[in-house]
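Given next, in structure tokens, is a single chain: the form predicted alone.
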Amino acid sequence: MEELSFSDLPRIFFNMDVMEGQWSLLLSGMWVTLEIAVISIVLSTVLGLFVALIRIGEDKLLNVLLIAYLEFCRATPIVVALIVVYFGLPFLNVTFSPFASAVIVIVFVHAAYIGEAFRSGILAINNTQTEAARSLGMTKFQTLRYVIIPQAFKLVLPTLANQWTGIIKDTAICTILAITELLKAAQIISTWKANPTPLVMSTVMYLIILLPLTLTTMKLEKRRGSKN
């Protein structure tokens, strides 16, 4: 086996000659990653809010079911859930495309955590605001829509941003399906070229996507901490 030196690292991990003619596949994979992430973020946030609203209700049976749902998501690796949905459900004649399977699993798992974040935000708002809104003639729905939820959203925004970051990272699980997202595209090129440079470039692309959101999250948490 050829002995390697430190000077060989750029040739191995940052060999731009390997990337010649391959950027289009990598960028295409990045676009698929962003598609899955954006759809999943929107749907999981909406579903999470819906879960939170049920959780603060008085229906004990629904609360027990949602607690079981949350514990299931906490205890089950997301890769296992994806395998069950994509490879297991067809045995019940329920079939989803690879793209839909990925979105369903990511939304299902992250909506549980987002729901808990929204619930904590809603419960943190003083009851006097609800009473004031109701005294002005607002219905329960109007109170939630115009008074409670906007304030709760601001309170939990740092937590939501963390969850959104997790969603973007979890899109990498799609590599086990027939979806040429960013990581899968990098693996294809890396295998073809017998060089890890494409994997390094995919890491850089993930950083480009995630760093702005991560920095924004840190800023929001710092601002909330200073207010407290």
Partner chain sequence: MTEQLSQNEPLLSVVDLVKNFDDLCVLKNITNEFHEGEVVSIMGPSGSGKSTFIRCLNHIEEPTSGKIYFDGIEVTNPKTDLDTVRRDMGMVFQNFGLFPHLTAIENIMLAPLKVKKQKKAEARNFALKLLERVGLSDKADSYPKQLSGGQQQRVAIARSLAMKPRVLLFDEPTSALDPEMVREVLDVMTSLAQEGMTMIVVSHEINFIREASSRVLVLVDGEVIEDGPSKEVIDNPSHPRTKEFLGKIL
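Residue numbers count along the first chain shown, from 1. As the structure is a computational prediction, the values presented were derived from the model and not from experiment.
Below: the form predicted in complex with the partner chain, not depicted.
This chain lacks the partner; the member of 80, 124, 100, 132 within 4.5 angstroms of the partner chain in the model of the complex by a non-hydrogen atom is 132. A heavy atom within 4.5 Å of the partner chain in the model of the complex is found for exactly one of 104, 89, 157, 138: 138. Shown alone, this chain has one stretch from 69-77, 113-121, 90-98, 143-151 that lies within 4.5 Å of the partner chain in the model of the complex by heavy atoms: 143-151.
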